[in-house]
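Shown below, as structure tokens, is a lone chain in the form predicted alone; questions about how it binds or moves come after it.
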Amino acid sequence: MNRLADKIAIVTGAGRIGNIGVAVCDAFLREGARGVVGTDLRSEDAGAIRARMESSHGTGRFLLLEHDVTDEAAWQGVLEQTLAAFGALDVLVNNAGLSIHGGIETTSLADLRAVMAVNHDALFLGIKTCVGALAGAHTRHAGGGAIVNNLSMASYMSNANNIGYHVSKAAGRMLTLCAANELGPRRIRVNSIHPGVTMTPLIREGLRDYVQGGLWPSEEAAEQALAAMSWLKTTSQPEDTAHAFVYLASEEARFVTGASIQHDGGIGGVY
């Protein structure tokens, strides 16, 4: 229960009940993080999330900030507020994501750019903005700084109905490798986690889109079909995935960089 003792983290995409970002914030605090800053553009669940974190982990350890991850100035503001509140930064979790369904002929260039901005460009901006602060983490923790990108199994798999999401996640995988190569000498580890079907609000919205498009008769049928693809014959919950983020942020992973963890129940076993 103390695997992240005294660590400070920023976690994007942490503004909706039931998503991976909220589960990661919860897990980090449970594992002893001194401070966690969750961010999200959507804030309708802000009050409930703050209440949940404070009731479970006490006051003064969690902040939830409104944040457009595609805005470089907004990134600088989040970093400044994090340093003002907690004095340091040890872990950056790039978790925010966007999906707009469509193939080559049905996806507009504007939609493609919007998805790329959130799923790829924001990773670049977050790393670029936070690298200076993360470089100091090795003076406090033997494992140095840690960046964990949530990239999805979509980064390995093609999809004729969701080109923007899959292309952006694949680009994020290469960005992770390049950053790991460049930042290793500064004692910053950069890794990615590739969830399979995790029942988040974003996934449920996607299932509704597929049902409306006639690919499945109902959301229940869609979830059952996706579960059947898993070697474990089930889908994942956000709390399951959060354990992988804890590992990569912890000192247990201090010699792990450039790694891609498939947290997918076996769906990607052929890739």
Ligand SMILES: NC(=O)c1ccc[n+]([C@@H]2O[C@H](COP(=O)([O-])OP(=O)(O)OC[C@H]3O[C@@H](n4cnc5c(N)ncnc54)[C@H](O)[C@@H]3O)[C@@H](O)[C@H]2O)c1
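Here the structure is a predicted model, which is why all the values come from computation and not from measurement. For every residue, the number given is its place in the sequence shown, counted from 1.
What comes next is about the form predicted in complex with the named molecule, which is not displayed.
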Which pick from Gly164, Gly196, Gly143, Gly126 sits with a heavy atom within 4.5 Å of the named molecule in the predicted bound form? Gly196
Would you kindly say which of Val78, Leu89, Val118, Leu175 lies with a heavy atom within 4.5 Å of the named molecule in the predicted bound form? Val118
Exactly one stretch in 100 to 108, 130 to 138, 143 to 151, 183 to 191 has heavy atoms within 4.5 Å of the named molecule in the predicted bound form; which is it? 143 to 151
Non-hydrogen atoms within 4.5 angstroms of the named molecule in the predicted bound form: do Arg16, Leu41 and Leu202 all have one? yes
Even though the partner isn't displayed, in the predicted bound form is Val69 close enough to the named molecule, meaning a heavy atom within 4.5 Å? yes
Is there any non-hydrogen atom of Ile20 lying within 4.5 Å of the named molecule in the predicted bound form? yes
How about Val93: is it within 4.5 Å of the named molecule in the predicted bound form, going by heavy atoms? no
